[in-house]
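Next comes just one chain, in structure tokens: the form predicted on its own.
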């Protein structure tokens, strides 16, 4: 790690104040828990002159009912709070389970939901010290002009590795974003692009403030992942599934993945399982959907082929666990 550089820290009390401060400091970065950004600063990947600390903004630290059976979660809610919230564990199990798999308990006490959703993409050629990256001529994601994963192309394959995004996507979550042009609400899936160097579609100065989960009565859900070290690492592959089962079999199933593409992936084609039982035939159908949609590359120390197998096995494991409830 590098020494921490000098920077100014501003402490707004409201979102409006934070946005105004950004207007006065257009090269600033917002920070909440800092478990991702601060590490990048120490590695020399980021070098902001000003940080706008959101930890005193209380309006984004609440979990509330929406009045229609759904739930609104502030982006500043910590992951440990998500894990301990009874309403989330009962109605949106995948969300609490995903939060519980992030890093270690000390990280989860400060890391926030919004920060995990806005997590930077990761690559073995990018998440290194300054001297390591300079010795390897940098890369397409940071100060270089070549992707070391795929040198013949002009696309960055750094992988999105946040755990909460897939768990929220299977519930069709929406997010509210505040910025210099006001407030807007969009599907969570719409804030991501399949570009490792620019995967987050937030405008300059915007802050993700709340996440809305619609009612999920009768929906079973779960999340699981595989990583090199169970106590700390980002996922080599992670899978969230939300499933509703009726008298005729599956009424609805939605699958989302992380760690494999430059954005969290909602698996297409799962409507084909409607009316089926969760048996070997259905599991084979799910497995067959994966190859053309996931894109693991050599962005980790683990071979892409292994991560493909991991994703396939995780889908089968999570789906079976939900069918047994």
Ligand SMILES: Cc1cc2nc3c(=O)[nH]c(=O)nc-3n(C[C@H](O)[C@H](O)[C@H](O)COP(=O)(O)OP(=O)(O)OC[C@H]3O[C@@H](n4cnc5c(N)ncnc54)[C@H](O)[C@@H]3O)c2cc1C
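Numbering follows the first chain given and starts at 1. Keep in mind that what you see is a predicted model, and the values were worked out from it rather than measured.
As for the form predicted in complex with the named molecule, it is not shown, yet the points below apply to it.
S.K.: Is it the case in the predicted bound form that 54, 161 and 207 each bring at least one heavy atom within 4.5 Å of the named molecule?
M.R.: Spot residues vs the named molecule: full contact, yes.
S.K.: With a 4.5 Å heavy atom cut-off, would you call residue 50 a contact of the named molecule in the predicted bound form?
M.R.: No, residue 50 is distant from the partner.
S.K.: Could you confirm whether residue 31 comes within 4.5 Å of the named molecule in the predicted bound form, counting heavy atoms only?
M.R.: Contact with the named molecule, yes.
S.K.: Find out whether any non-hydrogen atom of residue 79 is located within 4.5 angstroms of the named molecule in the predicted bound form, and reply yes or no.
M.R.: So residue 79 counts as contacting the named molecule.
S.K.: Verify the contact flag for residue 173: yes if a non-hydrogen atom of it lies within 4.5 Å of a non-hydrogen atom of the named molecule in the predicted bound form, no if not.
M.R.: Residue-level check for residue 173: no, no contact with the named molecule.
S.K.: Going by heavy atom distances of 4.5 angstroms or less, which of 255, 75, 226, 96 would be at the interface with the named molecule in the predicted bound form?
M.R.: By the 4.5 Å heavy-atom cutoff, the listed residue in contact is 75.
S.K.: Tell me, out of 137, 233, 194, 190, which residue has a non-hydrogen atom within 4.5 angstroms of the named molecule in the predicted bound form.
M.R.: Residue within 4.5 Å of the partner: 233.
S.K.: Considering the named molecule in the predicted bound form, find the one stretch among 245 to 253, 207 to 215, 80 to 88, 182 to 190 with heavy atoms no farther than 4.5 Å from it.
M.R.: Residues of 207 to 215 come within 4.5 Å of the partner.
S.K.: Even though the chain is shown alone, can you say which residues of 111 to 131 have a heavy atom within 4.5 Å of the named molecule in the predicted bound form?
M.R.: Residues within 4.5 Å: 111, 112, 114, 115, 116, 118, 119.
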